[in-house]
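This document opens with one chain alone, in structure tokens, the form predicted alone.
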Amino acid sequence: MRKLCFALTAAAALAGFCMTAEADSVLPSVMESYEKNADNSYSVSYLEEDPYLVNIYEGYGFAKDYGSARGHAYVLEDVGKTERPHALANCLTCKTADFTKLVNDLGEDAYSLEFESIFPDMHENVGCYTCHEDKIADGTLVLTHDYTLAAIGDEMGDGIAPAIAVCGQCHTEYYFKPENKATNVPYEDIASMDPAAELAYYDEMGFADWVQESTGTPLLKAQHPEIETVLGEGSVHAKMGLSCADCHMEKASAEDGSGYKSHYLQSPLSSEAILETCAACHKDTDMAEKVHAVQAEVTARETEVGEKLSALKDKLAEAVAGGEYSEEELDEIRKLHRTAQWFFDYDYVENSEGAHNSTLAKKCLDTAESVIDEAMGRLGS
């Protein structure tokens, strides 16, 4: 299986992601910072925060269990105890470096193995292999996930910064191929990393995550599309040459003075070192106030649109049960329902609450609301 490695130049290493030439001296510090991710244990139930989600996800696992992700140190524990069903090993795609290695050894057959048969053998969470394969000594970044390599491997380092591509292996929208349950992404290059293009991709292949019983709508469940959001329409920071690492991994120094990137992943707002880099462009802006204002605006819109989407779902379910509409009429409304839910979900599940790309977040919510209004009009509301 082809692998794509990207060894940072000296100049890139100074400004970018990984270790400098003094790898041996900084490796203990890097590992110490990585282990600090165990501090990221906070989690909240989205179903309790936003009860309308239970209704719009009716019939799917996310209506039973849906909480914010804890840090990388907890992904195996959390996938093991989730109330969402996980019959196959593909649920482990981004949860453990052990499974990534298994896929790279066995190929796509690994995805359809029974979850319970291999879970006991999974021990490492997101780890060194996930981003570096066997290149950790010199800090080389490696696309280890086969579907990412196939989709954007040719653009890594030539249009897509390595430290975005590697994070984007997991922080992306994905689906399981119907024919063999292998993990895949609904885009083929950076140009098709767009919510409308991804919806068209799914529509063309006739894909749905589930068919909702009460409405009959073949619905999609979006997954954390961070790479698409960071690189997509309205993005600012990626176009300036900044990567995920620049904003979430602060620069640090080992005891001997050698520089490295901390592998403790955190919000830029909690790191003075990272906020100092923000000041280069934002000057005297109060970044916490600025970011929280964006998030408050986007979150308020999410609630408004999400509740309208829930109302549409109920109205459509009533129409299906009432028998007053033809199947052709219902299918037209179902298509609108599917589209509205996709655009709403695309924003809702993106973990920055608008901070990564407020332009795209607002566009998704505006699109969802417009489509909801059209569907409700057809239902006489």
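Residues carry their position along the shown sequence, with the first being 1. Model, not experiment: these values are computed from the prediction.
Below, we refer to the form predicted in complex with heme C, which is not included among the displayed structures.
Look at 195-203, 108-116, 305-313, 232-240: in the model of the complex, residues with non-hydrogen atoms within 4.5 angstroms of heme C sit in 232-240.
Note on contacts: among 122, 75, 88, 190, the single residue with a heavy atom within 4.5 Å of heme C in the model of the complex is 75. Taking a 4.5 Å heavy atom cutoff to heme C in the model of the complex, the contact residue among 208, 136, 254, 182 is 136. Although the partner is absent here, residue 367 sits far enough away that none of its heavy atoms falls within 4.5 Å of heme C in the model of the complex. None of the heavy atoms of residue 103 is located within 4.5 Å of heme C in the model of the complex.
Residue 226 belongs to the set of residues with a heavy atom inside 4.5 Å of heme C in the model of the complex. Proximity of residue 265 to heme C in the model of the complex falls within the 4.5 Å heavy atom cutoff. If you take 128-154 and check each residue for a heavy atom within 4.5 Å of heme C in the model of the complex, you get 128, 130, 131, 132, 136, 137, 138, 139, 141, 145, in sequence order.
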